[in-house]
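In structure tokens, one chain follows: the form predicted on its own.
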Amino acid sequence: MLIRIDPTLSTPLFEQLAAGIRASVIDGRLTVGERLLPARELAGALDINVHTVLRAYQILREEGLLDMRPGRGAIVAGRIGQHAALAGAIHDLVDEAKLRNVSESALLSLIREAYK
């Protein structure tokens, strides 16, 4: 699992981490039943605080993407079907934006505005 965290962004690290894991689950890079790295191990690999990882995991648990149990860690849950169509639409949108030379920041601004 490749997750990129950029401490120079204004987006909190836990949100960046949650977004990276979420994308991996939706895209199928992480499969149902797959165990994620323990929070301490992932925090060490990304050079971030363990509580940052735990907060990201908790958000994803609340979204139904992860199942967390004491002693078992975080496991990808089976409830990702509702996101499959959305993932396809997002990829189409990004591809179209690239074809039209729309920058990432401009695309994100358009999405934020549309989401309101």
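Numbers for residues come from their place in the sequence shown, where the first is 1. Throughout, rigid core stands for the largest set of C-alpha atoms superposing within 1.5 Å between the two forms. Computed from a prediction, not measured in an experiment: that's the story for all the values here.
One more form of this protein, predicted in complex with a further copy of the same chain, exists but is not displayed; see below.
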Notebook entry, point to check: Which single stretch, out of 69-77, 30-38, 43-51, 86-94, brings residue heavy atoms within 4.5 Å of a further copy of the same chain in the predicted bound form?
Noted result: 86-94
Check: So with the core overlaid, does the Cα of A106 end up 2 Å or more away between this form and the one not shown?
Finding: yes
